[in-house]
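Next up: a single chain in structure tokens, the form predicted alone.
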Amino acid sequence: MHRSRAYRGFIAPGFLIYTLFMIIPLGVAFYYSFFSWSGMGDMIFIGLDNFKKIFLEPRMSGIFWNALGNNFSYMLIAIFIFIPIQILLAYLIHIEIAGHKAFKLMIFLPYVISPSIVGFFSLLVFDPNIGMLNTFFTMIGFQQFAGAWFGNVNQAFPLLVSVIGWQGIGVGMVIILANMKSIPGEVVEASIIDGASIWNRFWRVELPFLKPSIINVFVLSSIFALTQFDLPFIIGGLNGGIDGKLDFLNLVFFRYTFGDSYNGETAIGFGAAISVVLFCIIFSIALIQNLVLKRLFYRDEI
């Protein structure tokens, strides 16, 4: 009984803070989503009209599905391209290749740099007029390779994803690397004694131990992809770049909540509806991924 009370006292502050800054605001957002309200004046109850506008109104639904498509496109790239790269980078550092300490610092360092600084330097590199990349191509006589970069509808999204990946890829790498460091030494030594090569040892011995970190990185990468805002806003602007190629759901939320581009006014109620839809999407995907990945990775233990 005394031990139970001690546990409650220990978790109470965290639970109180979480409730105050997460649960209550979420409930308030759900409440506001049923109203037409600019943040001032009377709140007018409109039921599900905000949600109908998001999904059924032709203009708004086009904007919503385009932004959601960009979120999902980046999520797939993060899962199927960035995660394998993170695993590879973690393993190269784990086996202590030459210069692995500098290599680790170089990969992780961009994460500690503010997204605003990363976005600013990206614009300096890819600016069509004064950008370092176009200047470099011109200096070496390859003007044909110079381009508008983020102003090109075919190049803008891949470039943005590359910049986001460059900044954030070190986080997953460190999580996976920490998991690698926890692999029992005797298991690895036994595989070495049996004559396993470095890569056979990785695939057959070490990779199965990485299930927890891979699941975590998988889910975190998906959530990160669905909550993108900083770099798309800095690089593509509030309207999501050329033809909405750099538009993401968080940009749509910000744009239509604080200075509504749809009606020309602030729309807290409509923005709350967008945030509720985004929360439901993120929660559903994270829940499904957790269930599917655990069943897939741990099916032999179930």
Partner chain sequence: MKHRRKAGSWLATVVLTLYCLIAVILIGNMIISSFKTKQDLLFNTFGLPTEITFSNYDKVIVEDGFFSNFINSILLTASSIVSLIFFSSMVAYGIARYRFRGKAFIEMYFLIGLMFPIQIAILPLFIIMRTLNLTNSFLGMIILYSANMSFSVFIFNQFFKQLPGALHESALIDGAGEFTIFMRIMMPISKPVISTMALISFVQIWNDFYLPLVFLTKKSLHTITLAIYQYLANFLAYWNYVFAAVTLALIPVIVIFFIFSDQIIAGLVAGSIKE
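Residue numbers count along the first chain shown, from 1. Just so it is clear, the model here is predicted, and its values are computed rather than measured. So that the term is clear: the rigid core is the largest set of C-alpha atoms that superpose within 1.5 Å between two forms.
Keep in mind the form predicted in complex with its partner chain is missing from the figure; the text below concerns it.
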Can all three of F72, I77 and L207 be found with a heavy atom no more than 4.5 Å from its partner chain in the model of the complex? no
Sort through I54, I46, A29, L68 and report the residue having a heavy atom within 4.5 Å of its partner chain in the model of the complex. A29
Although its partner chain is absent from this view, report whether I81 comes within 4.5 Å of it in the model of the complex, heavy atoms only. no
Does any heavy atom of V292 come within 4.5 Å of a heavy atom of its partner chain in the model of the complex? no
Can you work out whether D194 and its partner chain are in contact in the model of the complex, taking contact to mean some heavy atom pair no more than 4.5 Å apart? no
May I ask you to check whether P158 falls inside a 4.5 Å heavy atom distance of its partner chain in the model of the complex? no
At a 4.5 angstroms cut-off on non-hydrogen atoms, which residues of 9-38 are near its partner chain in the model of the complex? List them in order. G9, F10, I11, P13, G14, F15, I17, Y18, T19, L20, F21, M22, I23, I24, P25, L26, V28, A29, F30, Y32, W37
Superposing on the rigid core, is the Cα displacement of A12 between the shown form and the other one 2 Å or more? yes
